[in-house]
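Single chain ahead, written as structure tokens, the form predicted on its own.
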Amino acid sequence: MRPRIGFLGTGWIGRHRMQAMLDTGLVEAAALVDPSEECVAEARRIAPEAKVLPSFEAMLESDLDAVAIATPSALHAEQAVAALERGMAVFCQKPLGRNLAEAKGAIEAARQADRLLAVDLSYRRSAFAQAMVQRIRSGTLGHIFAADLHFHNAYGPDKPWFYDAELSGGGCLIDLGVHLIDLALWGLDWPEIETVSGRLFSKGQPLANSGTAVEDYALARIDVAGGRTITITCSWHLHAGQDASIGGAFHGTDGGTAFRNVDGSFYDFKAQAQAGTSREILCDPPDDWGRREAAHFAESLVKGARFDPEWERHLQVFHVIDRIYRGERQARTDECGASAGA
């Protein structure tokens, strides 16, 4: 009997990942939950046999092997914990939580239940990332001393909750930067983090201490063991000259490796090896990387995979994000206090 999966949230990303899982032929879409009748109707075109349920609570009471979560970020950790505690495996959209505490709680729930947990950090399974990491970890590049990555989106999220820190956890840093921070730390095989600093902006100005406001431009510097530095920049609504500018490079003493998106695409990437003024193409589009993490989850579920301690390393990403958000908030509080004292 194929594992039965409930799909919680059936917007575009939820349906895309559902299609990826079903295309493996290994799992069954058994249940759908979404407050939008239009989204449910679109999902039923993909999985007409799935039962439409009225709520997440009803899904928890169903006979399911796993839940795929594609809801607003404020719900991710709570829903993941609830499903894991019911003995269901979980595939969750990023971010796993709005902060370190939420992400840690979800991972601990997976460890306690010994159930499969995966987060849709799909860049890891892209051809460009795999090609770059192979060179980084092979030693071909010598000592990697720096990495610079960026993700600038000329648009911004189209859902209002993204712009409320209470619901989203933050702005472009936790939305886009989470991919880059994870990619850099994973690529460098999870080095120890030494110091973290950052700056956040909203509409071109340092982000005011305004409670629920979020940043639309973020800069992060992460110093890690071995004298290495990672720099991350990301944004929404930037004048990028194209739909998106996404790329990055790892710099070594004996060479480098880099990637970039093609013609402003969110999906098409090139990767190359670099030595002096020469370069070697490592991969070109097309590459259907966006489906692979979801498909891998389905394959792992069929194989009976349980909790993977590797996901505990992903908490380093939240250490970085929390330090930047906490540090910026504390700096703004100190500035306000100093101004009041003056």
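Because the structure is a prediction, the values reported are computed rather than measured. Numbering starts at 1 and runs along the sequence shown.
In what follows, reference is made to the form predicted together with a small molecule, a form of this protein that is not presented.
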Sole residue of A295, A70, L64, A50 within 4.5 Å of the small molecule in the model of the complex, by heavy atom = A70
task = Name the residue from F269, F162, W186, W236 that puts a heavy atom within 4.5 Å of the small molecule in the model of the complex.
result = F162
note = Note: the small molecule not shown here; in the model of the complex, the stretch from 217 to 225, 126 to 134, 73 to 81, 245 to 253 having heavy atoms within 4.5 Å of it is 73 to 81
inquiry  = My question is simply whether G276 lines the interface with the small molecule in the model of the complex - judged by any non-hydrogen atom within 4.5 Å.
reply    = no
message = Even though the partner isn't displayed, in the model of the complex is G11 close enough to the small molecule, meaning a heavy atom within 4.5 Å?
response = yes
request  = Report whether the minimum heavy atom distance between K94 and the small molecule in the model of the complex is within 4.5 Å.
outcome  = yes
ask   = Any of the heavy atoms of P286 lying within 4.5 Å of the small molecule in the model of the complex?
value = no
